[in-house]
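We begin with a single chain expressed as structure tokens, specifically the form predicted on its own.
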Amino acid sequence: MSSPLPDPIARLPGEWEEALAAWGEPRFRAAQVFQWIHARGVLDPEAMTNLPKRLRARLAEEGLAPPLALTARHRAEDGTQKLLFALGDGRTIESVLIPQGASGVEDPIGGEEPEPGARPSTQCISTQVGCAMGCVFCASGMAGLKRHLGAGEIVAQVLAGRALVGEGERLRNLVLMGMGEPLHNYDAVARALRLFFHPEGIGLGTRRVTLSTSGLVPEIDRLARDFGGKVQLAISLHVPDDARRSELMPINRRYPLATLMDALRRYPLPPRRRITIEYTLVRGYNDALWDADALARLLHGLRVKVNLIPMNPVPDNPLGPPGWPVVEAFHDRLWERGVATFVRRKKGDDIAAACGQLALANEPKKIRVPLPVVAGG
């Protein structure tokens, strides 16, 4: 007995062929349905005008409908848009649209140079409602995990975002850096990636999709096997030693830095690509020059670039970013040590653009004791 098909938005063309064959429809209809959903972003069967009426009715019966609804849209002065979506069960998630230039010209999020024509935009999407990783600087982690998103819910954010980019812009890059740990929801995320890359649908190149993880080593290896290293990988590192990283990110107790670095060495990077190392600078905790030296030693021999991210202030969290002179000194020290380093500019900080600040505003938070200030070298 074959396994049940996924929800309609999450189906690949071959799965549509299987479903439509069972309904007595010709094979070519599968490509039409898939293209309506993924290439055109149409989720209302009645709007699929080249399909026969009986098929449109059957698609509606099968549950083809938008799995989320836009309930709030906030625009920052820099053009960044923060989108709040309501899911079918009443939960809410966030997604952020970032026009080229809002993240800083040195290192555009998404990794590729702009092309002539419409100005490219990047969308940051969520993969879970909340997060189970418990990182102390993250609003999503403070509320804990509520549930995984389905592949259709992940893809639907992009279909909606593509229609909401500003005038003269085009959605060109995706980053799985919103609410949740993508590799904790591996099966749904992997299916969403295949849908993003499919040439008859959204059709994004693998260089244009970046997945960020806190360091789930078995799933990093699985991603390498399933996609041949073609998915752009970003690692939320944030501290260059095990003792403090375990305080900041509990996942480090399961997969310490040596284990994580070994996984990065195994990751089959295509030529001329690098893994992104994300390093959130927390005032008085991981922002000293000796931290920069330790980070350079840890990353020695790896094909990486470092994105420095001054911490976004999070309500009810006493931690915060260092001053700009400290950020600049840290940046310069890494370059002196031969590490390609860029500063992630704040994006939409006037609209609470840190992950989870809107969607989880009314959820009870797990407030932790402030981390101690570390001095030394």
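Note that the coordinates shown come from a computational prediction; the quantities given were computed from them, not determined experimentally. Residue indices: 1-based, along the sequence shown.
Here the subject shifts to the form predicted together with a small molecule, a form of this protein not shown in this document.
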| query | finding |
| --- | --- |
| Heavy atom distance at most 4.5 Å to the small molecule in the predicted complex, all of Q81, I93 and Q157 | no |
| A39, A30, L55, I309 - the one with a heavy atom within 4.5 Å of the small molecule in the predicted complex | I309 |
| Candidate from V239, A292, L97, L176 lying within 4.5 Å of the small molecule in the predicted complex - any heavy atom | L176 |
| Contact stretch among 296-304, 192-200, 70-78, 274-282 - heavy atom within 4.5 Å of the small molecule in the predicted complex | 274-282 |
| The small molecule contact at N252 in the predicted complex, heavy atom, 4.5 Å | no |
| Proximity of D287 to the small molecule in the predicted complex, heavy atoms at 4.5 Å | no |
| S246, heavy atom within 4.5 angstroms of the small molecule in the predicted complex | no |
| The small molecule contact in the predicted complex: F137, any heavy atom under 4.5 Å | yes |
